[in-house]
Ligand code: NDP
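Below you'll find only one chain, the form predicted on its own, shown as structure tokens.
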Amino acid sequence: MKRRIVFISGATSGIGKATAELLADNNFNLILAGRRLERLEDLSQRLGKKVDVKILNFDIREKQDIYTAILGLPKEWQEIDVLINNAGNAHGLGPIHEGNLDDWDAMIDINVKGLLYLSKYITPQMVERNTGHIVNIGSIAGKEVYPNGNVYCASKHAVDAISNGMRMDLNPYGIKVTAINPGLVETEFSKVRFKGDEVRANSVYQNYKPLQAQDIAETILFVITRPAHVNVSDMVVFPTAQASSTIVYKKS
């Protein structure tokens, strides 16, 4: 049986890396995209012992680089069955009047525009074949707004809206669209948000058990292996200690 091809953006760390590893264990061929070439090469070397792996090294903010990379895929890699729009980030946490414009640009460019660019270049072949599955990794920040999260929350609300719009637009072509919205996941996320301040980043995950990247990878595997007539359209996944974007029970 022919292996399905899965494209994962942001594959070099966190949820993307865990998903690549899990899908390789489950016999999916992989196209892994990211900015950090050494990490991509390491993944390719390790996972290539199990399945076929193709790596694409680009910054998701650069639409021409994405277009060139996808256009340059060998013919046998161009029929992508599953697109996992995982690349995303948070930069800074503060009130709107103290916002950093570069941080705002980064969040909008990566979380929103990057997702759109990648989807624009991959969905046409799905439409042509009347099959495919898009998985957008959102956030509870796309369902609720919390203090000082203004632009990050806005970017993830955009992902939620885009996912719903995609589902409607692609419905006539039999293409599934799934939005997965995690709560607190222990990855490099907070280290990036707090610009390398490890003490502050680590404090986010203290005194309770946060989700791990593997938990979301297992969720992704579940949704992309449902029968053809089943589409898991929208999921929120919390650690047990979390009740909302602002309520987390921490043991003292």
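The model shown is predicted, which means the values in this text are computed figures rather than measured ones. A residue's number is simply how far along the shown sequence it sits, counting from 1.
A second form of this protein, the form predicted together with the ligand, is not displayed here; the remarks below concern that form.
Do P182 and the ligand come within 4.5 Å of each other in the predicted complex, heavy atoms counted?
-> Yes - in the predicted complex, heavy atoms of P182 and the ligand come within 4.5 Å of each other.
Using 4.5 Å between non-hydrogen atoms, is S13 touching the ligand in the predicted complex?
-> Output for S13 is yes: heavy atoms within 4.5 Å of the ligand.
Residue contact check: G138 to the ligand in the predicted complex, 4.5 Å heavy atom = Yes, G138 sits close enough to the ligand in the predicted complex that at least one of its heavy atoms falls within 4.5 Å.
Within a 4.5 Å heavy atom cut-off, is I224 in contact with the ligand in the predicted complex?
-> Taking the distances in the predicted complex, the answer for I224 is no, it never comes within 4.5 Å of the ligand.
Contact test, all of F58, R61 and T187, partner the ligand in the predicted complex, heavy atom 4.5 Å = Result yes, every residue of the spot touches the ligand.
The ligand in the predicted complex: contacting segment from 74-82, 138-146, 170-178, 95-103, heavy atom within 4.5 Å | Looking at the partner contacts, the answer comes out as 138-146.
Have a look at I162, V151, I134, I110 for me and say which one sits with a heavy atom within 4.5 Å of the ligand in the predicted complex.
-> Checked against the cut-off, the match is I110.
Considering the ligand in the predicted complex, which of K209, R46, R36, K195 comes within 4.5 Å of it through any heavy atom?
-> Comparing distances to the ligand in the predicted complex, the residue within 4.5 Å is R36.
Which of the residues spanning 87-112 lie within 4.5 Å of the ligand in the predicted complex, based on heavy atoms?
-> The stretch 87-112, when checked against the ligand in the predicted complex, contributes A87, G88, N89, I110 at the 4.5 Å heavy-atom cut-off.
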